[in-house]
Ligand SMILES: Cc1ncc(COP(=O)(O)O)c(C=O)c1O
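Have a look below at one chain only, the form predicted alone, in structure tokens format.
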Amino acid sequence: MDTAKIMELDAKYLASVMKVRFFPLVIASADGCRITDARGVTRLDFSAGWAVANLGYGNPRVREAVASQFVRTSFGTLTSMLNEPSVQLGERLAALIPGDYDHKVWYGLHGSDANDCLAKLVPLATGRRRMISFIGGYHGQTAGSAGLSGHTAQAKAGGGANVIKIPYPDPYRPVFGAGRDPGDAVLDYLENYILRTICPPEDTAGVIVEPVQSDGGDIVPPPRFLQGLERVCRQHGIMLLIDEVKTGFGRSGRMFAFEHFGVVPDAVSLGKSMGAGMPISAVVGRRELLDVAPAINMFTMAGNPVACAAALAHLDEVDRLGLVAQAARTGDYLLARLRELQHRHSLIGDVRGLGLMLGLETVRDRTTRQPADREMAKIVYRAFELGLIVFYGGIYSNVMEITPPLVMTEAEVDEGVAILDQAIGEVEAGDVSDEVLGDYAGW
């Protein structure tokens, strides 16, 4: 089937509610850090499919683990049976999360249902009704996880009636002004306004937070913010819930991004890269949370042996290849290269990140910081034409999210940065028309 036919059938039959498209890419194959389209054009991937392909594409050890497990047991439902890979994986995951409590593991299929699990079980386990999340947070697409989310892309769907959303501490765009630490300002707002008015702590079950707010703009919070948030939670008996769906398994330069900030969560949600491309997610947390009642949050496909085998192979490869340390080194190198671009291009207002979780924010004026959303869409489209795959997001649709596979080399970084340099320069020069976007305006 040729590219035109695939695109025709996609437009005719596949629901628009599950698409956000930035360019006309029809994937035919992928290997390492590169994707080849149906026309035979190969491009470097700076996205890893929204941070799913941590190991790159086609890792042979994961492929062998999946194939050999499928031969033994193509499927077995964990809801009513047991399987060896699921308990092996549970033991591995429990050992990775800190805390002097009994750890339990819940399985799902994607990050959305992992955060949905928290939305459902935390109020039930605590006997408290309310939850707190952050504006810009993107926790998923199911009813519960979307209710926790505060991203503009989900505003039309409404929110959870029991969820209070507060600002995330953005050092580049501080909601409470530039005169004080933005993390301290948000904590003061939480402690002395929210918890004293519409969200009494005795009725607040949990606070869910991304240690790096990804889809909200790849925002790294001030260094002491998460510790301050943990202090507030401990003071009032509120559960601290960390969303590591996108940042987990080495992407930040630590196994989990919350480790950069020295906090101990009550529960952690995991997904995306966990199965190296296979659909699997998890929540690792307190026994009293995940054992709150039998059979109230189970999925027939969750914890199946094939997906668990993939997740085990993924963990093995992260260790064998030293990808946590490599992500830290390559991320520092990439951040430095992006800052070189910032010096050359006035469209770039800010670059930031931890490890290989990086954001490049475009503005029309560095003084007013007016978001350059249309310009970002054209940069991403032009980069695609030049041979680079990268996406953008943020609550103003002006932040390029750069999340390459953790196996990426510095030479590949240089290749991608050179393409970005050219694409940004052409957009700044007015050489890329608005018409080129067509149906590919993304968010």
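Residue numbers here begin at 1 and follow the sequence given. None of the values given here were measured: they were computed from a predicted structure.
We do not show the form predicted in complex with this ligand, though everything after this point is about it.
From the list 100-108, 138-146, 85-93, 258-266, the contact stretch for this ligand in the predicted bound form under a 4.5 Å heavy atom rule is 138-146. Site annotation in the predicted bound form: the residue of Ser252, Thr362, Asn115, Ser133 reaching within 4.5 Å of this ligand with a heavy atom is Asn115.
Out of the listed residues Glu317, Asp170, Glu210, Glu230, Glu210 is the one that sits within 4.5 Å of this ligand in the predicted bound form by at least one heavy atom. Heavy atoms of Asp350 never reach within 4.5 Å of this ligand in the predicted bound form, leaving it off the interface.
Contact annotation for Met274: none of its heavy atoms lies within 4.5 Å of this ligand in the predicted bound form. This ligand is not drawn, but in the predicted bound form it has no heavy atom within 4.5 Å of Leu356. Contact check for Ala307: no non-hydrogen atom falls within 4.5 Å of this ligand in the predicted bound form. With contact defined as any non-hydrogen atom lying within 4.5 angstroms of this ligand in the predicted bound form, the stretch 344-379 contains no contacting residue.
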